[in-house]
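One chain comes next, on its own, written as structure tokens: the form predicted on its own.
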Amino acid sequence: MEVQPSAPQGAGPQPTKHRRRWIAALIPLTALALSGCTLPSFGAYKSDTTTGQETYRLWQWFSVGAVIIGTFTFLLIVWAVLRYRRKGDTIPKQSQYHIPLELLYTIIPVIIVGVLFWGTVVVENKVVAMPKTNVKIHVNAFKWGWGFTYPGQNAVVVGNTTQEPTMVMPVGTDVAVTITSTDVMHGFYIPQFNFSRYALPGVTNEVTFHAVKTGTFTGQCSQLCGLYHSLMYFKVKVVTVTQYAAWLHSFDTPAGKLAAQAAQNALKIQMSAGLPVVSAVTAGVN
């Protein structure tokens, strides 16, 4: 009498082929769900500045291209795994020097890289352009706060840690912004402008904002700069041209001059330990 080998103790029924296929299909879907990706923005802001919107559109096209290429590559891998999976000791037929196929998978990636490079250059040229403007703001970062001064005007705004100072700027106008740091590396980051730029000691960075709508937006330091980095927030308030002129004029009143002088003195104290600022090394519109 032939005795059949018993199954290992505790072993359950083996998954069916249909079940394995469902598991294989759920893996990429689960990864997509856990990624938290939002469509059609792919996690980016539409932006409230002209070139920030250009950057947003470039990011969209890059993301769509990545999804298409990634999906195609994934399907090729799955097809190869299923089509050429090992069956016993059989080795699939080997082939080489398929000239048309080799040309195809060489030329297509070159074209893709060329298109991505061209799109990046076009948008980057818009980002780094510096149109002439009379509206200027000097941003100075220090541990752990921000100072905003307006060259040619009496307006000065300073705040640190929980104070969240506000940088006021007009809508529909090119605003030239210079960014410096008193002490260590900081990051001048405004998420809804799709903009981030280093604030470096001894270096001046420049950018031009052109806001397309009014509103108040949150900014923060994006570089770990010390103990109270997490409290280094600020606000950007975009107002109409008339409101901006009235805001500047408020610093010409006796009370406004006193407030501006106090803020200027506080900023000088913060900057007294910093390094000298040299000529600008980067520029750009956002």
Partner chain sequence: MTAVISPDTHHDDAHEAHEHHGPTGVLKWLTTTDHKIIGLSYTVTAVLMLVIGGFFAELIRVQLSAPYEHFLSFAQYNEVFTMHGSIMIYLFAGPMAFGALANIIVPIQIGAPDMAFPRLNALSYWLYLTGSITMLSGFFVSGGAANFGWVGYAPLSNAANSPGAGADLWIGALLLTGFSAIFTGVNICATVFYLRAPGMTLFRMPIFTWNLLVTSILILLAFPVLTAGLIMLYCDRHFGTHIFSVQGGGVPVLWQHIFWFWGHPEVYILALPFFGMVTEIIPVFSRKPVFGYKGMVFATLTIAALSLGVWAHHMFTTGTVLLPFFSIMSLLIAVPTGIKLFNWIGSMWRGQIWFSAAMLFAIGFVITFLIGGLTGIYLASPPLDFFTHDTYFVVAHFHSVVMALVMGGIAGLYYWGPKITGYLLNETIGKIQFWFLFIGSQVFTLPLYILGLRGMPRRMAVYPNNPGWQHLNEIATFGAVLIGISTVLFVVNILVSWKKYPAGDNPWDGHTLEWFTTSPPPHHNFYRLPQIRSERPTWDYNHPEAPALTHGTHEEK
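The model shown is predicted, which means the values in this text are computed figures rather than measured ones. Numbering follows the first chain given and starts at 1. By rigid core we mean the largest C-alpha set that fits within 1.5 Å across both forms.
Just so you know, the form predicted together with the partner chain exists too; it's not on screen, but the next bit is about it.
- Contact check for Gln53: no non-hydrogen atom falls within 4.5 Å of the partner chain in the predicted complex.
- At least one heavy atom of Thr106 is located within 4.5 Å of the partner chain in the predicted complex.
- In the predicted complex, no heavy atom of Gln243 sits within 4.5 Å of the partner chain.
- For Pro165, no non-hydrogen atom is located within 4.5 Å of the partner chain in the predicted complex, even though that partner is not displayed.
- Taking Gln153, Asn160, Ser196, Thr214 one by one, only a single residue has any non-hydrogen atom within 4.5 Å of the partner chain in the predicted complex, and it is Ser196.
- Picking from 170-178, 131-139, 145-153, 72-80 the stretch near the partner chain in the predicted complex, with a 4.5 Å limit on heavy atoms, gives 72-80.
- In the predicted complex, the partner chain lies within 4.5 angstroms of at least one heavy atom of each of the following residues of 218-241: Gln220, Cys221, Ser222, Gln223, Leu224, Cys225, Gly226, Leu227, Tyr228, His229, Ser230, Leu231, Tyr233, in sequence order.
- Once both forms are overlaid on the rigid core, the distance between the two CA positions of Asn134 between the shown form and the other one is under 2 angstroms.
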